[in-house]
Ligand SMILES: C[S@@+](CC[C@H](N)C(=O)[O-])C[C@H]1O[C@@H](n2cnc3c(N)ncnc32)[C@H](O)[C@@H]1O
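Okay, here we've got a single chain as structure tokens, the form predicted alone, with questions on binding and movement later.
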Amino acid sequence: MSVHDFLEQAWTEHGPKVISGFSRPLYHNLQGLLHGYKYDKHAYGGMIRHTEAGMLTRWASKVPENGVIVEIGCYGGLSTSYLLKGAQKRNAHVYAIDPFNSDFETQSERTDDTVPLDNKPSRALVEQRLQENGFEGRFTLIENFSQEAARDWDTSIGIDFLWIDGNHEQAYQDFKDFEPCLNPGARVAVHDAHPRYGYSAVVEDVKKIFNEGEWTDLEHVKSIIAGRRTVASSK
């Protein structure tokens, strides 16, 4: 199936009718039931569904041994915790990027107006949560904007899984910024990339991302579009 056909199918199918809210394939829902309710969504202020959370854990558990996962958009540490839960199985390290509750002047200039800036979690709070969840030493919190974090990234650190859930107006730019550091076979997953569950700007960016280069293992999980990069774009 071509990327175009995959995306068209992902964005038009309504899922099985047997149980409201379930999605295709059914094993996504099994992952959600098994792994997607571990952390308190409301306490963390997260916006991922249990099926999405379960699949983040599964994907993170599939990176190579001692692999590297980069998260753009950490917020309160909900998705970070699910990534770390899976990463434990591979002794992988998670780098989570977010400005947290710093530099509100720049945040207000760059905001996509989807997340309120008041009462944003602090880096210290998220670090404490992740440590309490048993992940001490397995993560690095980068208090910065994704553009600057990409500029300062150590290019010797190859990325095995790139999770994009930051500014909804720059998903494609986030991908391009970190693309040079993707290892062969790296997985890329983008949140809020469905016309019904997400944002139109992300939908358009996802079309651009997955129509560059060659991809395998394409998956649609609620508002997430994901795939593994096999051949880089020649652009």
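From 1 onward, residues are counted along the sequence shown. It should be emphasised that the depicted structure is a prediction, and the values quoted were computed from it without experimental measurement.
There is another form of the same protein, the form predicted together with this ligand; it is not shown, and what comes next is about it.
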Notebook entry, point to check: Using a 4.5 Å heavy atom cut-off, are I72, Q147 and G166 all in contact with this ligand in the predicted bound form?
Noted result: yes
Item checked: Location of this ligand contact in the predicted bound form, chosen stretch of 85-93, 152-160, 130-138, 72-80 [non-hydrogen atom, 4.5 Å] -> 72-80
Note to self: When the contact criterion is heavy atoms within 4.5 Å, does Q31 count as touching this ligand in the predicted bound form?
What the structure shows: no
Notebook entry, point to check: Could you tell me if C181 has a non-hydrogen atom within 4.5 Å of this ligand in the predicted bound form?
Noted result: no
Check: Hey, in the predicted bound form, does Q170 get a heavy atom within 4.5 angstroms of this ligand?
Finding: yes
Check: Does at least one non-hydrogen atom of S102 fall within 4.5 angstroms of this ligand in the predicted bound form?
Finding: no
Note to self: Under a 4.5 angstroms heavy atom criterion, identify the one residue in V203, V68, V188, I48 near this ligand in the predicted bound form.
What the structure shows: I48
Check: Hey, which residues along 82-116 are within 4.5 angstroms of this ligand in the predicted bound form, non-hydrogen atoms only?
Finding: I97, D98, P99, Q107, V115
